[in-house]
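Heads up, the chain below is alone and in the form predicted on its own; it's given as C-alpha coordinates.
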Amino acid sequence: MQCSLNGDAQAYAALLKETARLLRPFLAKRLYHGNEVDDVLQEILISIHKARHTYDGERPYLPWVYAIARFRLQDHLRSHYADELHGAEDIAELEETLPDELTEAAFSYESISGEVEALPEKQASILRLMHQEGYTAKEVAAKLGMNESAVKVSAHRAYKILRERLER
(Lines give C-alpha, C1' and ligand atoms only; values in the text may rest on other atoms or scores of the structure.)
Protein backbone atom coordinates (compact mmCIF):
# COMPACT_ATOMS: atom_id res chain seq x y z
CA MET A 1 0.00 0.00 0.00
CA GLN A 2 2.87 2.37 0.79
CA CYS A 3 4.36 1.84 -2.67
CA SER A 4 1.03 2.40 -4.37
CA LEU A 5 0.48 5.60 -2.38
CA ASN A 6 3.88 6.76 -3.65
CA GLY A 7 2.67 6.34 -7.25
CA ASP A 8 3.76 2.79 -8.14
CA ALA A 9 0.97 1.63 -10.49
CA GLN A 10 2.19 -1.99 -10.59
CA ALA A 11 2.22 -2.18 -6.80
CA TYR A 12 -1.29 -0.75 -6.74
CA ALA A 13 -2.56 -3.32 -9.26
CA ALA A 14 -0.93 -6.13 -7.27
CA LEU A 15 -2.38 -4.76 -4.04
CA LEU A 16 -5.92 -4.71 -5.44
CA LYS A 17 -5.53 -8.19 -6.91
CA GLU A 18 -4.27 -9.61 -3.57
CA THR A 19 -6.98 -7.73 -1.65
CA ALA A 20 -9.65 -9.22 -3.92
CA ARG A 21 -8.18 -12.69 -3.39
CA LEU A 22 -8.39 -12.22 0.40
CA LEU A 23 -11.90 -10.74 0.41
CA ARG A 24 -13.60 -13.22 -1.92
CA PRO A 25 -13.82 -16.04 0.72
CA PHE A 26 -14.89 -13.47 3.36
CA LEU A 27 -17.83 -12.44 1.14
CA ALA A 28 -18.61 -15.96 -0.11
CA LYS A 29 -19.30 -17.05 3.48
CA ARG A 30 -21.79 -14.22 3.94
CA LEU A 31 -23.54 -14.02 0.56
CA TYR A 32 -25.49 -16.74 -1.26
CA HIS A 33 -25.07 -15.88 -4.92
CA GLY A 34 -21.77 -15.68 -6.76
CA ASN A 35 -22.83 -12.58 -8.67
CA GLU A 36 -23.51 -10.85 -5.35
CA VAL A 37 -19.98 -11.67 -4.21
CA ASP A 38 -18.55 -10.10 -7.38
CA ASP A 39 -20.78 -7.02 -7.08
CA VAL A 40 -19.94 -6.38 -3.42
CA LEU A 41 -16.25 -7.10 -4.05
CA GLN A 42 -16.29 -4.49 -6.80
CA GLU A 43 -17.94 -1.98 -4.44
CA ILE A 44 -15.30 -2.69 -1.78
CA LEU A 45 -12.44 -2.21 -4.23
CA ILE A 46 -13.94 1.10 -5.38
CA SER A 47 -14.30 2.19 -1.75
CA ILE A 48 -10.69 1.24 -1.05
CA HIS A 49 -9.62 3.27 -4.09
CA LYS A 50 -11.65 6.30 -2.97
CA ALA A 51 -10.48 6.05 0.66
CA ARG A 52 -6.82 5.22 0.02
CA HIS A 53 -5.79 8.72 1.10
CA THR A 54 -7.14 7.93 4.61
CA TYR A 55 -4.86 4.93 5.08
CA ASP A 56 -2.33 5.45 7.87
CA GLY A 57 0.93 3.81 6.83
CA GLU A 58 1.83 3.28 10.48
CA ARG A 59 -1.02 0.83 10.91
CA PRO A 60 -1.63 -2.63 9.39
CA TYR A 61 -3.41 -2.73 6.04
CA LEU A 62 -5.74 -5.72 6.57
CA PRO A 63 -7.80 -4.35 9.50
CA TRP A 64 -8.36 -1.17 7.49
CA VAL A 65 -9.50 -3.21 4.46
CA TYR A 66 -11.77 -5.48 6.48
CA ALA A 67 -13.41 -2.48 8.14
CA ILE A 68 -14.27 -1.09 4.70
CA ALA A 69 -15.42 -4.54 3.58
CA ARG A 70 -17.75 -4.92 6.56
CA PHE A 71 -19.32 -1.51 5.94
CA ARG A 72 -19.86 -2.21 2.23
CA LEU A 73 -21.30 -5.65 3.03
CA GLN A 74 -23.69 -4.13 5.57
CA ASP A 75 -24.78 -1.51 3.03
CA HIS A 76 -25.42 -4.24 0.47
CA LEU A 77 -27.41 -6.41 2.89
CA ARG A 78 -29.41 -3.43 4.14
CA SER A 79 -30.43 -2.44 0.60
CA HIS A 80 -31.06 -6.07 -0.37
CA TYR A 81 -33.45 -6.64 2.53
CA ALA A 82 -35.12 -3.27 2.00
CA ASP A 83 -35.84 -4.32 -1.60
CA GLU A 84 -37.23 -7.64 -0.36
CA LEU A 85 -39.63 -5.83 1.99
CA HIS A 86 -41.02 -3.65 -0.80
CA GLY A 87 -42.60 -6.72 -2.38
CA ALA A 88 -43.97 -8.12 0.89
CA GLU A 89 -47.69 -8.36 1.52
CA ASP A 90 -49.16 -6.03 4.11
CA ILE A 91 -50.57 -8.28 6.83
CA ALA A 92 -53.50 -5.90 7.43
CA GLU A 93 -54.57 -6.20 3.78
CA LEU A 94 -54.16 -9.96 3.90
CA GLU A 95 -56.37 -10.20 7.00
CA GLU A 96 -59.24 -8.52 5.14
CA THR A 97 -59.29 -11.30 2.54
CA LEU A 98 -59.38 -14.16 5.07
CA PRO A 99 -62.67 -15.63 6.29
CA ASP A 100 -63.77 -14.29 9.70
CA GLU A 101 -63.45 -17.67 11.40
CA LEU A 102 -59.72 -17.74 10.62
CA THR A 103 -58.98 -14.29 12.01
CA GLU A 104 -61.02 -14.54 15.19
CA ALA A 105 -59.36 -15.92 18.30
CA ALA A 106 -60.31 -19.50 19.00
CA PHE A 107 -60.88 -18.66 22.66
CA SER A 108 -61.71 -15.46 24.46
CA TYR A 109 -61.15 -14.87 28.15
CA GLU A 110 -64.90 -15.04 28.70
CA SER A 111 -65.24 -18.41 26.95
CA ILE A 112 -62.63 -20.04 29.21
CA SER A 113 -63.22 -18.04 32.40
CA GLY A 114 -64.49 -21.16 34.17
CA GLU A 115 -61.20 -22.92 33.44
CA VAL A 116 -59.25 -19.85 34.57
CA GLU A 117 -61.13 -19.75 37.88
CA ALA A 118 -60.25 -23.42 38.48
CA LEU A 119 -56.54 -22.52 38.46
CA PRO A 120 -54.66 -21.85 41.69
CA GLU A 121 -55.68 -18.42 43.05
CA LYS A 122 -52.41 -16.62 42.23
CA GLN A 123 -52.41 -17.81 38.62
CA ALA A 124 -56.12 -17.03 38.20
CA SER A 125 -55.56 -13.51 39.59
CA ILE A 126 -52.67 -12.88 37.24
CA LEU A 127 -54.61 -14.02 34.18
CA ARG A 128 -57.68 -12.08 35.27
CA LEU A 129 -55.68 -8.87 35.65
CA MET A 130 -53.76 -9.33 32.40
CA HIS A 131 -56.51 -10.56 30.09
CA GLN A 132 -59.76 -9.32 31.54
CA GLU A 133 -58.62 -5.99 32.92
CA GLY A 134 -55.79 -5.35 30.45
CA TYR A 135 -52.86 -4.76 32.83
CA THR A 136 -49.28 -5.39 31.73
CA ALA A 137 -47.05 -7.88 33.54
CA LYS A 138 -45.22 -4.97 35.15
CA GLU A 139 -48.49 -3.46 36.44
CA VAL A 140 -49.70 -6.84 37.71
CA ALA A 141 -46.42 -7.30 39.55
CA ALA A 142 -46.84 -3.95 41.29
CA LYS A 143 -50.47 -4.71 42.22
CA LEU A 144 -49.68 -8.15 43.63
CA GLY A 145 -46.34 -7.26 45.24
CA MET A 146 -44.36 -9.62 43.00
CA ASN A 147 -41.49 -9.04 40.63
CA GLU A 148 -42.26 -8.89 36.92
CA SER A 149 -40.42 -12.08 35.97
CA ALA A 150 -42.33 -14.05 38.64
CA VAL A 151 -45.60 -12.79 37.12
CA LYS A 152 -44.48 -13.88 33.65
CA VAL A 153 -43.41 -17.33 34.88
CA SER A 154 -46.67 -17.82 36.73
CA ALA A 155 -48.69 -16.72 33.69
CA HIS A 156 -46.72 -19.07 31.48
CA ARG A 157 -47.41 -21.98 33.81
CA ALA A 158 -51.09 -21.07 33.86
CA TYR A 159 -51.18 -21.00 30.04
CA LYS A 160 -49.60 -24.44 29.97
CA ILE A 161 -52.22 -25.83 32.36
CA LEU A 162 -55.04 -24.23 30.36
CA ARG A 163 -53.66 -25.54 27.08
CA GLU A 164 -53.56 -29.08 28.46
CA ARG A 165 -57.11 -28.83 29.83
CA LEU A 166 -58.54 -27.29 26.68
CA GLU A 167 -56.86 -29.84 24.43
CA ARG A 168 -58.69 -32.56 26.30
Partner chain sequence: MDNMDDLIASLSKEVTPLKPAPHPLRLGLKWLAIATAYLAVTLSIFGVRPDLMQQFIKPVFSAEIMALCGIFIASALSAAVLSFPDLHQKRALAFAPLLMFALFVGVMGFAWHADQPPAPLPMHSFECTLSILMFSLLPALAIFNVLRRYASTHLSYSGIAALLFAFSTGALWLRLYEATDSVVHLIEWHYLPIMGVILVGGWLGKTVLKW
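Residue numbers count along the first chain shown, from 1. Throughout, rigid core stands for the largest set of C-alpha atoms superposing within 1.5 Å between the two forms. These figures come from a predicted structure and were not determined experimentally.
This next part talks about the form predicted in complex with its partner chain, which is not shown.
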Report yes if all three of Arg24, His49 and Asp56 come within 4.5 Å of its partner chain in the predicted complex by some heavy atom, otherwise no.
yes
Is the gap between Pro60 and its partner chain in the predicted complex 4.5 Å or less for some heavy atom pair?
yes
Is there a non-hydrogen atom of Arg72 within 4.5 angstroms of a non-hydrogen atom of its partner chain in the predicted complex?
yes
Does its partner chain come within 4.5 Å of any heavy atom of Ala67 in the predicted complex?
yes
May I ask you to check whether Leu31 falls inside a 4.5 Å heavy atom distance of its partner chain in the predicted complex?
no
Contact set, 1-30 vs its partner chain in the predicted complex - heavy atom within 4.5 angstroms
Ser4, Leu5, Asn6, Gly7, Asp8, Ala9, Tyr12, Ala13, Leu16, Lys17, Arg24
If I superpose the two forms on their rigid core, does the C-alpha of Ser154 end up displaced by 2 Å or more between this form and the one not shown?
yes
How about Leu45 - superposed on the rigid core, does its CA move between this form and the one not shown by 2 Å or more?
no
Once the core is aligned, does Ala69 move its Cα by at least 2 Å between this form and the one not shown?
no
